[in-house]
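What follows is a single chain, given as structure tokens, in the form predicted alone.
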């Protein structure tokens, strides 16, 4: 029993960081939006890390899941807000639809793209993402290129005061919950046979197959888990919070690039890495936009390059080496 508890010790610093972030945002005036942005990047980093960090497969089409999560929430509110007796249930329905769409997409991508490796896998994921976007626009489903605007329907169903609380606090709070859940799943996978199988895939997939590891099964499981978490973030941080969705906004690949940067900064395949990477990326992006508006990307790009070159295994990768054989080792993974 004690051994089972000890293996989850690395969750302590992660959850402590999330708690401190929440308290800062909640009690310090004017800090909530910045903290919400940081939570968003940490949640995305944790979610994306479940697949990429453990398998080494780089999914450049990860934004597909975030976008479908946004659409799921949008469809739930758009088509069920007319039933006033459902009340807050329309949010639950929206989240269920987000999970359903993400699961379908994950299984479809797994059947197609997970047969490929390296650059071929990355290109296939990009192709699926772009194909889905233009299919929605061209076939004019879910509003086509005009998107869905449902803030009015949400307000009419739940009332302005409730909607204000949902979009300004509870949507962001739910991102903290998703980030914590993603961290727990990361830790659980790392400390179970699932993590060992995925690590074998990352190190040498052919050798893993020879040793009897069902690589397709474990890759699909990690891919599905990562996609569902990404969809949950999209549903709550984009769908519920913004009150609208346009395919040209949600299928943009640079959100996937941000996931990659966050994970590489902190350390791919580590538990604390996406948190540290999310804080570094989010704070830098936020403050540079304030200090040097219009030049933030010009300044930020070399900063990222310097950090990645200086810490090729990420900040946590370096920290893990420093705390080896110390009392802190069991907390840093």
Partner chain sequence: MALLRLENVTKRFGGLIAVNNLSLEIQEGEAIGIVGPNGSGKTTLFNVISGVFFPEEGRVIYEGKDITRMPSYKRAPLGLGRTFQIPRPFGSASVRENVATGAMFGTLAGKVSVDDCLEIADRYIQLVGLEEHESKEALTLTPVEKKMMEIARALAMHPKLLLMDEAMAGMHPKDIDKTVAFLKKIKEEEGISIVAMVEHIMRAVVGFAERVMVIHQGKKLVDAPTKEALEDQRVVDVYFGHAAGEGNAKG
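Positions refer to the first chain, counted from 1. Since the structure is predicted, the reported quantities are computational estimates derived from the model, not experimental observations.
There is another form of the same protein, the form predicted in complex with the partner chain; it is not shown, and what comes next is about it.
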property	result
Interface stretch in the predicted complex with the partner chain - options 155-163, 230-238, 208-216, 75-83, non-hydrogen atom within 4.5 Å	208-216
Residue 199: touches the partner chain in the predicted complex, heavy atom cutoff 4.5 angstroms	yes
In the predicted complex, residue 193 touching the partner chain (heavy atom, 4.5 Å)	yes
Proximity of residue 203 to the partner chain in the predicted complex, heavy atoms at 4.5 Å	yes
